[in-house]
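Given next, in structure tokens, is a single chain: the form predicted on its own.
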């Protein structure tokens, strides 16, 4: 299956899972809201152009906003993590390893520790901006931090469960001359 077709299927899959399943789950607590949709952006190939990554992130967030009726709420955090993603990948793993050897980030390609750090940092940044935009005030800082940490924790749990259930192969890039 081509990379483009695979990512189109993932795009649709993550939107549907978020809208039809996770958004229908009642809040587990005032601090815990499950989000998994942004994993699509974290799974995009290493070699994707930064400009196209930002465009894809904006369109992905905007399409989720369309289904949830919240214009811009999800688009802004998606663009933020798409902007920071290449810089974080360059810090966590050597450049020649990513672009020459592997196609996309995964625990098998990066190792569990760098992948966990990669997912954890981007999840925290995503949820910080999402909760800030959703809340739009600085009234109670402890509530803000509690909601960001609670939402990040449940999202990380969902991400690691997804990684274990949907085992992705550590596919190598061919003809990397």
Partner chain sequence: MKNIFLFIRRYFTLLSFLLLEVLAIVLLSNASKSHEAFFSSAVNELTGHFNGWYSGFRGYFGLKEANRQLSEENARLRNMMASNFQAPDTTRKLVTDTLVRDTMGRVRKFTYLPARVIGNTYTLQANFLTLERGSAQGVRKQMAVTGPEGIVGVVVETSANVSKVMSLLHRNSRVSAMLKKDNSAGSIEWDGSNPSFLTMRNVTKGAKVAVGDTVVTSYYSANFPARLMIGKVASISSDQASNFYTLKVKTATNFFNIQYVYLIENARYGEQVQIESNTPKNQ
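Since we're looking at a predicted model, the values are computed, not measured. Positions refer to the first chain, counted from 1.
Form predicted together with the partner chain: not shown, discussed below.
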Specify the contacting stretch among 54-62, 40-48, 148-156, 114-122, defined as having any heavy atom within 4.5 Å of the partner chain in the predicted bound form. 54-62
Residue 166: heavy atom within 4.5 Å of the partner chain in the predicted bound form? no
Is there a heavy atom of residue 9 no more than 4.5 Å from a heavy atom of the partner chain in the predicted bound form? no
Is residue 76 one of the residues lying within 4.5 Å of the partner chain in the predicted bound form, judged by heavy atom distances? yes
Indicate whether residue 80 is a 4.5 Å heavy atom neighbour of the partner chain in the predicted bound form. yes
Partner contacts for 14-32, taking the partner chain in the predicted bound form and a 4.5 Å heavy atom cut-off: 16, 20, 23, 24, 25, 26, 27, 30
